[in-house]
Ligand code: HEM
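Shown next as structure tokens: one chain only, the form predicted on its own.
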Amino acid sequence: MERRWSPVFNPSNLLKAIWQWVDARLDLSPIVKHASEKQVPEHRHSSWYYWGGICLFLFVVQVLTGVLLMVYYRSGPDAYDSVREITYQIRFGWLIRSVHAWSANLMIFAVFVHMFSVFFMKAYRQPREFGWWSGLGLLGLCMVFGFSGYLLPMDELAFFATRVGLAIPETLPGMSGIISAVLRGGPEVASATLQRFFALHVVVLPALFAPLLGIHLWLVQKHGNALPPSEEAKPEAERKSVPFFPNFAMRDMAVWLIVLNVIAVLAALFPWQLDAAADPLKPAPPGIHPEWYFMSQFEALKLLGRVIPGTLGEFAGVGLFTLALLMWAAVPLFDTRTAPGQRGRNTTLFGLLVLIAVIALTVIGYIEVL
């Protein structure tokens, strides 16, 4: 009688055994169960749900390319020479640097789009108030990330733009000494400033950003994707949804692939340039201005300075901007409701005014400097 032998090695059994061993120690089954049962609403505004994932993907690109750049970057007097080596001598260094710079700008842009989409979909309402506030915190950290990283090449454009940027908060009473002591490390932007910005960029900000991002993602998973008011008004039987895994997750990854292609095209066709080395003794070249995500604030201060000249105009500009920021953060406290589907205060007009003001001031700022 012929004897049949079963295979000694079965990959599926091995994977199952490994999973059981890990799950017994880390209790991952509830996470897997949540992912398998999670549903994502599907409606005509569903495309806005992808922007949160785009922000996360671009942050991962930032981390990976930033680590590669740190291998060759030297902070201090040799900062400019190290960036020049990365850009012109190290193989594919120009590409990594360009990908890092373009993905940084695209990440801030994506966070802005995500913020306004959350606003107009009313996804800040109860019980998602902390999701809104943690998202605003992440946006603020992203902008500081961009500002601190802008100086690191220590070229002419970065040096003078940083000097302009640091002059803005000095208009606040008592801030001049703090800026000089903490950020600049002296009365002028110098090598001490570069060392502080490098520490801020690679140590302090990641230490703040990572846990806040974890809290934000946990809040999103806890409360799920918010329905816009037009969809909440529909009967529950008429609402549509798709499983998060694998349906929405596969779409998310397809969007990430598109974003990666956009970054690759931008980096290849428009590589990030390196200007001449910074020289503090030279006058600032014409057209120096902050990065685009600070341009609206910069232009608002300039316009108010023309209407109200002198220090009073600077105080008024900073005060007005601070008030607008506090009102923006406090929107969930004004647009309250006690149950899903209940009408809250209509804040759409306020959001449109903010959006139009930001775009208009940015465009006017670039028209004036170009």
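Start at 1 and count along the sequence shown; that's the residue number. This one's a predicted model, so the numbers in the text were calculated from it and none came from an experiment.
The same protein also has a form predicted in complex with the named molecule, omitted here; what follows describes it.
J.: At 4.5 Å between heavy atoms, is Arg128 in contact with the named molecule in the predicted complex?
T.: Contact check for Arg128: no, nothing within 4.5 Å of the named molecule in the predicted complex.
J.: Phe59: heavy atom within 4.5 Å of the named molecule in the predicted complex?
T.: Judged by the heavy-atom cut-off of 4.5 Å, Phe59 is in contact with the named molecule in the predicted complex.
J.: Even though the partner isn't displayed, in the predicted complex is Gly135 close enough to the named molecule, meaning a heavy atom within 4.5 Å?
T.: So Gly135 does not count as contacting the named molecule.
J.: Even though the named molecule is not shown here, does Leu320 get within 4.5 Å of it in the predicted complex, heavy atoms only?
T.: Leu320: no, not in contact with the named molecule in the predicted complex.
J.: Kindly indicate whether Leu301, Gly351 and Leu355 are, all three, within 4.5 angstroms of the named molecule in the predicted complex, using heavy atoms.
T.: No, the candidate spot makes no contact with the named molecule.
J.: For the interface check, one of 236-244, 160-168, 115-123, 138-146 should have non-hydrogen atoms within 4.5 Å of the named molecule in the predicted complex; which one?
T.: After filtering at 4.5 Å, what remains is 138-146.
J.: Ok, Leu312, Leu326, Met70, Leu28: which has a heavy atom sitting within 4.5 Å of the named molecule in the predicted complex?
T.: That would be Met70.
J.: So which of Met295, Ala104, Ala267, Ala110 reaches within 4.5 angstroms of the named molecule in the predicted complex, heavy atom to heavy atom?
T.: Contact residue from the list: Ala104.
J.: Is any part of 236-258 within 4.5 angstroms of the named molecule in the predicted complex by a non-hydrogen atom, and which residues would that be?
T.: Nothing in this stretch is in contact.
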